[in-house]
Every structure is written in C-alpha cells, then in structure tokens.
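Here you get one chain, nothing else, as structure tokens; it is the form predicted on its own.
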C-alpha cells in the first residue's frame, strides 16, 4: 500500500488514476509509484473542490517531487486563499524552494500571487537581491523585481542604488541594464519623465559613457545609448564624439570596439555626404573586427544603396 492509501486521514477519498488514453498509450510517461499515487489523490480532491490543511500537505508533497507542475501550484494558492492561511509562513517555505529551483517559473508566479494577496512587499527586495547573488541574470527574478516595483511603487525606494550595485559587480549584466531602463522610463505613461527630461538624459548618457570606459566591447551600454537617442527623438549623430573615441576611421588598426564601429556606420549613414565612410566602417567589420557576421555587414552595405554598390 502507498503512503496515502494506507493513511486513515485519506480513507474517505477514492483516488482518480491517470487516464493516458487506454491500455496502450502512445507516449506514456514513466512516473514513480509515489508520484502517481499522490496525483491520483489530488485529482480526487480537485474534483470535489476541497480546500483544507491536508490539501496543503498533499500539494507540498507533490511539489517536492515535481516543482514544475503548475496546476498543483495554482490549486495550492487557491487553497491558501480560501483557508486564509498564514501567507508569510508560505513565503518562508517558498524561499527554500526558490533557492533549490532557481529557474522555476511556477515558483515565482506563486510568489507573485502570494505577495499580491498580502499587499506588502516587506523583505522582498532583499530576498530578490539574495537570489540574484546566486544567478545575476535569472530572468524570472528580474521580471519579479520589476513587478514588485510597479505593484508597490518602489521606484524611489533605493532601486537605482540597487541596480548600480549590480552593474558595479558586472558591467556586462544586460539584465541589470534593462532594469535600469525600466526604472528610468517606466513611469512615462504616468507623466513622470525619464529620458525625455534633459537632466535625466544627460545623467544616463554620462553613466553609459563611464561604463564604456570600463568595457568598450560590452554591447549593453552601446545599446543603452541607442535607446536613449531613439526615445528622445535625437539623431544618432549626437553620439558621434563618443563613438569616435572607440572607432576612429583614420586609425583603422586601433578600433577598440566593434559595437562602436557598428554605431559609427549608422551615424555616418544618417548623413548623405558620409555614406562612403559608412561603407568603410562596414568593410572593417566584415573583414577585420567581426568577420563571423560578414554576410550581415554586406547586407548593411546593400541598404546604403548606390554608394555601397560602387
């Protein structure tokens, strides 16, 4: 007998076995006996729409065996809310699960639901930073952090200082760059200016330029600068002085960044009289600084029209 079938506390439940389409299913999954039994009891519980303490025990058992089963997570959340359970205690349990299964989407979705129900983000920012200490580019954690900021209005609660700490540790962390953009520009729809404000724009350009000094071949600050120009409605030529520091066509053997050379090509392409120079920049990329993508750079030359053809 199994764990549940031999338990007096579950004797009133008739388990519902999995139906995989008859005695000879096309692609049967090799579940363990323990997992099959636990799921058969959960199916019966869900069919009866039962929400009780034993349901929480059952879902915890199943999640320990398969932390990616989203249906179990959803039913656990529904049970917690129906019973008005201690949600702070639930978060303590989820903390351990999150550190064991760092890339599990269901865990973060569950945390989102629980914290939203609590109506408080107390302790969440610090926990998120702990998780990013384990994996600084965990997509699920960054997405959750953005939700926290937006849900609880944490824009001015040390968020910029946090993202600067992350970039100080790793200036190449594109997730942190993305979060900085979100913090700066995430309230434009509410009337809080980001890049469209001159002072903010100058600050962000200065920040990106200092990051380039640390790692010129890092694409993140280059993309960040492109984003600033696009959002502000400014020509890329605004960045020409910065770009030439790292990619000067008069010194073709001293280019310090292929990303700068790429941007320079776009800057020069904006000016009709400079398209021939744009072709030179693209040739340098194709032949010397990024030959792996030679076909792409040739394509870019084709976009320049007659000058490229010549």
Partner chain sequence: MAPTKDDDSLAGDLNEEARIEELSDEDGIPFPGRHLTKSYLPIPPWLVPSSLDLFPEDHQTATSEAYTKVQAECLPHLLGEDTQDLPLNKYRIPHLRRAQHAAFLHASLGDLPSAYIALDAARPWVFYWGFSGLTVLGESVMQYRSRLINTVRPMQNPLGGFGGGHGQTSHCAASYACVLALAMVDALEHVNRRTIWHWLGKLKQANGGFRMAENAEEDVRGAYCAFIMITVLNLPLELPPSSPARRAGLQRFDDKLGDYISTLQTWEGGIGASPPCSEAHGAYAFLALGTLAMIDAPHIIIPKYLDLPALLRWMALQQTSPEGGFAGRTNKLVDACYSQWIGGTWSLLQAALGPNAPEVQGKDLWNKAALVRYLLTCSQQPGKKGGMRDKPSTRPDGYHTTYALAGMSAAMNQYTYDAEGPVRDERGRLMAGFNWKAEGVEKKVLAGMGVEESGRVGYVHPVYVMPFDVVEGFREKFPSCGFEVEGAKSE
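Computed from a prediction, not measured in an experiment: that's the story for all the values here. Residue numbers count along the first chain shown, from 1.
Here the subject shifts to the form predicted in complex with the partner chain, a form of this protein not shown in this document.
- Taken together, the three residues 52, 93 and 117 lack any non-hydrogen atom within 4.5 angstroms of the partner chain in the predicted complex.
- Contact annotation: of the candidates 130, 83, 160, 74, the single residue with a non-hydrogen atom within 4.5 angstroms of the partner chain in the predicted complex is 74.
- The stretch in contact with the partner chain in the predicted complex, judged by heavy atoms within 4.5 Å, is 140 to 148, chosen from 200 to 208, 118 to 126, 140 to 148, 84 to 92.
- Although the partner is absent here, residue 100 sits far enough away that none of its heavy atoms falls within 4.5 Å of the partner chain in the predicted complex.
- The partner chain is not drawn, but in the predicted complex it has no heavy atom within 4.5 Å of residue 12.
- Taking the partner from the other structure, the partner chain in the predicted complex has no heavy atom within 4.5 Å of any heavy atom of residue 192.
- The partner chain in the predicted complex is approached by residue 230, whose closest heavy atom lies within 4.5 angstroms of it.
- In the predicted complex, 146, 150, 169, 170, 171, 172, 173, 174, 175, 177, 178 are the residues of 146 to 180 with at least one heavy atom within 4.5 Å of the partner chain, listed from first to last.
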